[in-house]
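Quick setup: one chain, the form predicted alone, written in structure tokens, and binding and motion questions come after.
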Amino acid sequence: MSSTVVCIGFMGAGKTTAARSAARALGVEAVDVDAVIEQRLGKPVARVFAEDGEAAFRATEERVTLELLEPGPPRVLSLGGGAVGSDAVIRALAEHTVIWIDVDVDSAWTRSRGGARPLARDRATFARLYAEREPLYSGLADATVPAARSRTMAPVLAALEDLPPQSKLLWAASASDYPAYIGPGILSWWPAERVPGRRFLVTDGRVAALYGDALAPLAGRVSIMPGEQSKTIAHAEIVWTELARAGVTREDVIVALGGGVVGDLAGFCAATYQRGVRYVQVPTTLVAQVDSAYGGKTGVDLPEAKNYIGAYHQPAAVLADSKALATLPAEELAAGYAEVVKTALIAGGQLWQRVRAGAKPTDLELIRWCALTKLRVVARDERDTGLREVLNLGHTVGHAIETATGYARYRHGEAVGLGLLAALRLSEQPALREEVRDLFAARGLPITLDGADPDAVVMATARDKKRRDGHVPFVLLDSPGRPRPGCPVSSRDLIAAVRELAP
């Protein structure tokens, strides 16, 4: 971490508050760039805009920001929201530790409107500016911190110490906050002080052979067979028993090394062993790195339905090493791509544009945006009481396909891809469905339902764990970025959507 820490973000994010908190933790000075500008010009920013124009303000902002970014005593800066529009400032920030204070557009508008901010007077213009700047903040950030955590920056700064090159930190805000590290080389980087305690590894034999030794020292290992068939109560009992025989206590750490199956199973065992021990997610598949490793949902399947037994148990940390994706079979990468597309459709905006433009599934920025999208949703609804349901776009039918085929015919991502096509049919989005279908076909994902009875799939949806009052709520999509949870779907429409998948 460099001697100068810089807080960036949109209007109303709480950059000044974050800078002061960080400065207290580091024992250095906090400097607000806008305050320096006002002092030098002898008038508030709003008057500068009104009397001299925005161009004059930006010129002064660039000059002052660059001056404050020059080598000097350690300090924490909070930049104006538009300072990142300067190429010179962007180049200068490369030499410093940059923290993006991430605020959603509605909260930013509520905090900013009606005040002295000259660019917070028209809602449509405000939203457009937010969308334009968001990719700039993301590209510059070494760490992304939710605005709700701007007052408590000390743990974020500790998590940033000695971060490997090209790696990024996402701070997950939940009942128990945790760092999510994403980047090349993360897997072998984990310093002991990050999550102290003896490490007990839960993994499958294939992944253990590739990466198990990278997490040394290990106090013990539990290995399961690869595949969804291992995500059962019987296999959970195997893990519990091995942990007990190894003498695992609440002071120890369970390490989930592998894909979504290992992460869900190990997390569930951690949640229930001795009523809860810490665990760390170390995802090695694309599905896990963009989706399942974050958010604290853990569980196992029953023959009757997917993920019926489980618990919410947030990890102590997530370590997503993008280099691990290089050893994935093409089919596993394709399965993960389905979750990338699902997330992009939920987020809309620049993430969807990246996907439809053909971004590689292993692109580091793409992975980070998917993870951030999920963490943003979970921060607002950890326990699945409303908003978090949007993350199930395509999953109601997808889970039913897995159940109807005994968890053996399709990988999870493949089933979700088919479920997503059904959800777009139910959303009455034929053009978007065709575009997504073409994206899937280009990546080698199945686009027809083979080896499964469509009617059996429809029957399996009735057992979905989210059913309420005898009805299963679906997530539909009005357009990319506009998911709609809790939607009723008629039996006739559901049958038609699933049968349309048949070859």
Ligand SMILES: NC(=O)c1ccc[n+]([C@@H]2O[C@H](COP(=O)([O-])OP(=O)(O)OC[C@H]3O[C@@H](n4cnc5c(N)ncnc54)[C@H](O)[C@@H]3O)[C@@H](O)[C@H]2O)c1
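Start at 1 and count along the sequence shown; that's the residue number. Since the model is a prediction, treat every value here as computed from it, not as a measurement.
Another form exists, predicted together with the named molecule; not displayed. Remarks below refer to it.
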> Within 4.5 Å of the named molecule in the predicted complex: all of Glu228, Asn307 and Ala324, by heavy atom?
Replying inline: yes
> Applying a 4.5 Å heavy atom distance criterion, does Glu332 contact the named molecule in the predicted complex?
Replying inline: yes
> Any of the heavy atoms of Val262 lying within 4.5 Å of the named molecule in the predicted complex?
Replying inline: yes
> Is Glu382 close to the named molecule in the predicted complex, meaning a heavy atom pair under 4.5 Å apart or at it?
Replying inline: no
> Is the gap between Ser78 and the named molecule in the predicted complex 4.5 Å or less for some heavy atom pair?
Replying inline: no
> Residues in which of 110-118, 419-427, 199-207, 137-145 have heavy atoms within 4.5 Å of the named molecule in the predicted complex?
Replying inline: 199-207
>> Between Leu393, Val287, Ala83, Val239, only one gets a heavy atom within 4.5 angstroms of the named molecule in the predicted complex; which residue is that?
In response: Val287
> Which one, Tyr211, Trp189, Tyr273, Phe126, lies within 4.5 Å of the named molecule in the predicted complex by heavy atoms?
Replying inline: Tyr211
> From first to last in sequence, which residues of 396-428 have any non-hydrogen atom within 4.5 angstroms of the named molecule in the predicted complex?
Replying inline: His412
